[in-house]
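Given as structure tokens, the chain that follows is alone and in the form predicted on its own.
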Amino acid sequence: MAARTLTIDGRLVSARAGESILEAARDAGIHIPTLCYLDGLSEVGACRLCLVEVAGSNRLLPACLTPVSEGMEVQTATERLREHRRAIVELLFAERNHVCAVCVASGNCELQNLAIQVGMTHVRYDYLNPVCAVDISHPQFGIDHNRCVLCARCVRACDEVEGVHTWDVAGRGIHARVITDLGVPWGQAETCTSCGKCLLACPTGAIFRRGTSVAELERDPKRIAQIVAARQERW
């Protein structure tokens, strides 16, 4: 496969044709924050945290969806980008009720880690304080919509890896919610196989195993990519 040579943060980087900027940056050891991106799942560019500056473009471009090209010059950590990412994380905290002290994923949460990475010390926006339900109708798992950031990783893991598409997103804007089987309680979703892949994919404490404490929480989102790779190797 043809190679492409580009510059990322002033470093000369080689990448395969068709690779995204995010993949090329990771191969070169350059970190670009993400939230909706997960190895093994399709890219949707929804969280906008991986936006980068590309010379010749007036727009910020999502690194996960933008393919590399010969001679491309990319900046991943300018002050403009740092401020942009900090604002996104603050808005995520303002939109739902992320009270980390009582969350089962506290200390093991990608959103919490992102807040530290981008230097978020407070939220500059008004909290919306929405009324969000907690669904524990499933015998093994639960979902706390207060923690959900609508990254749709659970939706894609259920559809693309498990192949049942129990999860989906309903509503728009601040009224958007992930749902199971056209909006029935999770425990009544007949398509759910209870495989737990949505739990593996969830970056926060939104989807959790019932009866699990903070110390008992096991979260390994890399297992999604391992499952996909193992299937490709076998088939």
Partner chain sequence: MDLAELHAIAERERARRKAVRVLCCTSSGCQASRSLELFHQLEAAVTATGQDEAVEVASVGCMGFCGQGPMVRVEPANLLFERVRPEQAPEIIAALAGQPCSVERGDPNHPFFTRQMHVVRRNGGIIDPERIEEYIAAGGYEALYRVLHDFSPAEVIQEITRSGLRGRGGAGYPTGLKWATVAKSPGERKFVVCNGDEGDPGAFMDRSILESDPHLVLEGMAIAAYAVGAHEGYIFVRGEYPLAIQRLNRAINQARKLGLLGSQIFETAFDFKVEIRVGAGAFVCGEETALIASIEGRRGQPRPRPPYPAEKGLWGFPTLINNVETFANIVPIIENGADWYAAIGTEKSKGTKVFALTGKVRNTGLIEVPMGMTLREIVEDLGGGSPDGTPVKAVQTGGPSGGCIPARLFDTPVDYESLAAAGSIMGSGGMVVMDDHTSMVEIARFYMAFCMDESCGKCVPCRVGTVQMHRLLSKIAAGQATPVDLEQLEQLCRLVRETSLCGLGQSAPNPVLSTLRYFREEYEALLREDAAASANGKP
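Model, not experiment: these values are computed from the prediction. Residue numbers count along the first chain shown, from 1.
Heads up, the form predicted in complex with the partner chain isn't pictured, but that's what we're talking about next.
Contact annotation: of the candidates 77, 134, 100, 87, the single residue with a non-hydrogen atom within 4.5 angstroms of the partner chain in the predicted bound form is 87.
For the options 207, 201, 32, 47, the one in contact with the partner chain in the predicted bound form, meaning a heavy atom within 4.5 Å, is 47. Annotation: in the predicted bound form, residues 104, 196 and 224 none come within 4.5 Å of the partner chain through any heavy atom.
Although the partner is absent here, residue 110 is not a contact residue: none of its heavy atoms lies within 4.5 angstroms of the partner chain in the predicted bound form. Using a 4.5 angstroms threshold between heavy atoms, residue 51 counts as touching the partner chain in the predicted bound form. Put simply, residue 83 is close to the partner chain in the predicted bound form: some heavy atom of it is within 4.5 Å. Under a 4.5 angstroms non-hydrogen atom cutoff, the partner chain in the predicted bound form lacks residue 182 among its neighbouring residues. The stretch among 125-133, 68-76, 112-120, 138-146 whose residues place heavy atoms within 4.5 Å of the partner chain in the predicted bound form is 125-133.
Contacts of stretch 93-124 with the partner chain in the predicted bound form, defined by any heavy atom lying within 4.5 Å, are made by 94, 95, 124, listed in sequence order.
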